[in-house]
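Take a look at this one chain, the form predicted on its own, written out in structure tokens.
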Amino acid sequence: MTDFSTEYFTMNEEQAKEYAIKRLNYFQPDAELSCKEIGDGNLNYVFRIVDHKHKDSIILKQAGPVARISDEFKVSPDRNRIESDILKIQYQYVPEHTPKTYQYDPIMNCFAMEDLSDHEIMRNALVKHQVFPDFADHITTFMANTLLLTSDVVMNHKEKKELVKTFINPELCEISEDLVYTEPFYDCERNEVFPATRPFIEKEIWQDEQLQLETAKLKFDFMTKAQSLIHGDLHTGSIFIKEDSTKVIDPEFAFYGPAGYDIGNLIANLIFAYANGKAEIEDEKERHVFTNYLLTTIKDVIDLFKEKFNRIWSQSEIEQVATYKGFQAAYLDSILADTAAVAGLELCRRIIGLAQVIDITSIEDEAARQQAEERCLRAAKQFILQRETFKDGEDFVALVKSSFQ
């Protein structure tokens, strides 16, 4: 019999099943359980535990002592506590778009959560060129609520500062600081550059001193701008989706940072899906339908976020100085500038650095992949260098269209 009460260790499938019986207090006493490790991410171990007798199931997520993407990243298993805690907060604000969690174990660094197996990871669905007309509405409800309602604009300042302390997340922030803000912008040995694209990257990214300067400014903003309790890794691989439901998962990178980080991360990953559709869909009509859906979604994500942000602002009790004429518009403009900048950073990071995305790597034709990558990087530079000029959804869409001509 395994002892789960004294010392942490990384569980295998049999131990996770035993843990569910002994510690979860979720399944019925006569449950007939099976367990399978289903994690395909970069950091954690995810077990799906099924009761075949009563047709019930649950997810058990455990943090390992190193990142699965590379053992160079030594990360604290406390990130599992952070993820469990923020999921509870997000569930309070947007229960319709957040999985329900059940309990956190500080010894085994794991927690249980709702099984979303009837959903699909959004990135996988987009690579199959599926469309989800309600997604923009769902995700902007999630972002507007979680980003504004956890900010100093609305929260009591002392309560907000307590949350800042609770969600200090130095190991995961360091990964973002390295992989998003630093390594893509020089010839780092850890980068994973597609050989055909390398000459373009050397000239347009690594030799552009103005671009490097702007990324340095943005890195220091990321490290010092404790604006909102952000998800910290909000891309299409962190979203479970089906036709009428959207659930945001994996907020282990959560901390108090720039609100635009979440929005920009999402926008970039929608652009990756757009690039995949352009390269991979042979039928012209089908390609037009899918890529137009993504352009519409990008526009709606920006415009619906603005609309809902302003609505929540008007319905909330606001910090006194935030009521001064012009402040609301200036605050929102700064979020949109950060959104554009992060979209550019994420486009560079996923093409040049570690943890690349199947939207791009699954493009089999070398010339088509090179073209897709170069188009994404062209857009990325403009998002970063011209970030103050992006004010609405059409501005974002216009850049995508022009970059992919």
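The first residue of the shown sequence is 1; numbering continues from there. What you are looking at is a predicted structure, and each value in this text was computed from that prediction instead of being measured.
Below, we turn to the form predicted together with another copy of the chain, even though it does not appear here.
- With the partner omitted here, the residue from 102, 200, 220, 91 that has a non-hydrogen atom within 4.5 angstroms of another copy of the chain in the predicted bound form is 220.
- Screening 295, 304, 312, 153 for any heavy atom within 4.5 Å of another copy of the chain in the predicted bound form leaves a single hit, 153.
- Another copy of the chain in the predicted bound form comes within 4.5 Å of no heavy atom belonging to residue 207.
- Contact annotation: residue 192 falls outside 4.5 Å of another copy of the chain in the predicted bound form, judged by heavy atom distances.
- Of the heavy atoms in residue 225, some are within 4.5 Å of another copy of the chain in the predicted bound form.
- Proximity of residue 288 to another copy of the chain in the predicted bound form: non-hydrogen atoms within 4.5 Å are absent; the residue sits far from the partner.
- With the partner omitted here, the stretch from 243-251, 276-284, 172-180, 122-130 that lies within 4.5 Å of another copy of the chain by heavy atoms in the predicted bound form is 172-180.
- In the predicted bound form, not one residue of 267-288 has a heavy atom within 4.5 Å of another copy of the chain.
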